[in-house]
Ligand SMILES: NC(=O)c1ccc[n+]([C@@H]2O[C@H](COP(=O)([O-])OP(=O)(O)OC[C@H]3O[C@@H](n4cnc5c(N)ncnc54)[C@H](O)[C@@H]3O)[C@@H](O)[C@H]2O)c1
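Only one chain is given next, in structure tokens, and it is the form predicted alone.
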């Protein structure tokens, strides 16, 4: 594949440090030459991991000014995504941009247009599209035909709160908790059903992480802190109707209190087909089970991925880096490109609007807020 891609990381806090971890395990594919972060402690941690030869900057523009850097990983808070991404494209860099792309559709579209105008690559951190688990699910549903046509899907994620950093908890800085968190899950619905949502009905609120509440957040590396501020929802129930008539349901809770103070993020994905067959999966345990239907045959598939365990990353965490670096060299369009990222956010924006205004929201309303011309849903072919 040629020489290792010379990479810079903009933001080396939570997700940025995860990208750094993965890239350091892929030294034959990538050379991390510079990082940028406003937090001196984050810069120092990165320098300790990489060693001599790493440059660290407070201002990301100094990093982008280096001609020897080919690609950048952007892991700053969502409200800064557009500013940094546009600067990166202007500097001629290929971009890996963490999800969600932006806090509103107009900024999302500006990022996509800037990538197209610059001729540079844009990959979005929809990590599940790169996981053996979900690619296996797609294969089982569509190629093997376990559930050739989905009647309904659901996703349940009941977990601890976001980290005790103020920007995580406000609409203005994240676009909303559903935008920040659930674009991942709406992308899974889109991907498996190969269709766009038509309308969304959502209910939710902030009822636990409120003034006078007693939610103490415990995150590794951070001091325990009372979260009694913010205006993002801390729980929500969301119903989606898709253009093909299929239904989906997402249940979100961001205020659990695990008794052991662990940060396990159990994620359950399920589906029922028109053929009467049921799929149930547990992402953290790595299994997918089918039962019922015409054959009534029950099957359980082990979809665990050792590469993810080695990197201590999300499902697909290593593979998304491998494929981005390959795309930089081959100039292939990334699988989770800007359009895929945009589609993952449409239901999230609609759900936030539905909760705020107390009504069903049509996706057409959200599309009216964008800059791109109307196009039908496009599901890219899966790599390999």
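Because the structure is predicted, anything quoted here is derived from the model rather than measured. Residue numbers count along the first chain shown, from 1.
Another form exists, predicted in complex with the named molecule; not displayed. Remarks below refer to it.
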| item | value |
| --- | --- |
| Answer option from 50, 355, 56, 42, heavy atom within 4.5 Å of the named molecule in the model of the complex | 42 |
| 232, 75, 108, 161 - the one with a heavy atom within 4.5 Å of the named molecule in the model of the complex | 75 |
| Site check 138, 242 and 268: each within 4.5 Å of the named molecule in the model of the complex by heavy atom | no |
| Partner-facing stretch of 161-169, 188-196, 140-148, 284-292, counted where any non-hydrogen atom is within 4.5 angstroms of the named molecule in the model of the complex | 161-169 |
| Contact test in the model of the complex: residue 38 vs the named molecule, heavy atoms, 4.5 Å | yes |
| Non-hydrogen atom contact residue 182 with the named molecule in the model of the complex at 4.5 angstroms | no |
| Partner proximity in the model of the complex: residue 12 to the named molecule, non-hydrogen atom cutoff 4.5 Å | yes |
| In the model of the complex, residue 153 touching the named molecule (heavy atom, 4.5 Å) | no |
| Contacts with the named molecule in the model of the complex - residues in 89-112 whose heavy atoms fall within 4.5 Å | 98, 99, 100 |
